[in-house]
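Just the one chain here, the form predicted on its own, laid out as structure tokens.
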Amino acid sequence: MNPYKFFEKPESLKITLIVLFSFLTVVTILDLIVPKKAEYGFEEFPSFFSVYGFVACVVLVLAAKYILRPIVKRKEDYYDN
């Protein structure tokens, strides 16, 4: 049995997204309610670490696509020779 077939079913994907967005909503609300012990002033902005993580992820994806891929990429018949 392929364990990845779980995500191929539309109803499983829908349930997964509902759980994920519910979790994100709870974490965002807790971030607004729970007092933080910030070392720097910018850490006190609401959802700072969520935005920081998202921006870091986007930067990594763009760097992989436009910087690393041309370096690692080979021609289609590279292994045929």
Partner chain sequence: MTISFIPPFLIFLIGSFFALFLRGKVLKWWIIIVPAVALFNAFILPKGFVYNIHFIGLDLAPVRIDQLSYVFGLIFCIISLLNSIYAYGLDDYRHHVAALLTEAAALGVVFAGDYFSLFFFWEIKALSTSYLVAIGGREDSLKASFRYLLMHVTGGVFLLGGILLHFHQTGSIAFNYLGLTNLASLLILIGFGINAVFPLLHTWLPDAYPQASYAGTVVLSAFTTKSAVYTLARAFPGTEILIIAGVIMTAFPIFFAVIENDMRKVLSYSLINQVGFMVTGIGIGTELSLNGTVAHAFAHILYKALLFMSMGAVLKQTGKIKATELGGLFRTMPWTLTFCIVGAASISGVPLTSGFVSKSMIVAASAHQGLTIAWFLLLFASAGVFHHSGIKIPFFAFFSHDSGLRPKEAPFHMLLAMGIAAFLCIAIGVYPWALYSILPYPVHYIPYAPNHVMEMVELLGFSALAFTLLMLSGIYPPEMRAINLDFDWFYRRGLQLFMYIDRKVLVEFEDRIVNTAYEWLFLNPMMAFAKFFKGVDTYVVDGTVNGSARSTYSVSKTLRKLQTGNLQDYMILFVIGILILACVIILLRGGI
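Whichever C-alpha set is largest while still superposing within 1.5 Å between the two forms counts as the rigid core. Numbering follows the first chain given and starts at 1. All values reported here derive from a predicted model rather than from experimental measurement.
Missing here is the form predicted in complex with the partner chain; even so, the following discussion is about that form.
> Taking the shortest heavy atom distance, is residue 18 within 4.5 Å of the partner chain in the model of the complex?
No, residue 18 is distant from the partner.
> Going through 3 to 28, which residues have a heavy atom within 4.5 Å of the partner chain in the model of the complex? Please give them in sequence order.
4, 5, 7, 8, 13, 17, 20, 21, 23, 24, 27, 28, in sequence order.
> Using a rigid core alignment, state whether the CA of residue 69 is displaced by 2 Å or more between the shown form and the other one.
Superposed on the core, residue 69 moves its C-alpha less than 2 Å between the shown form and the other one.
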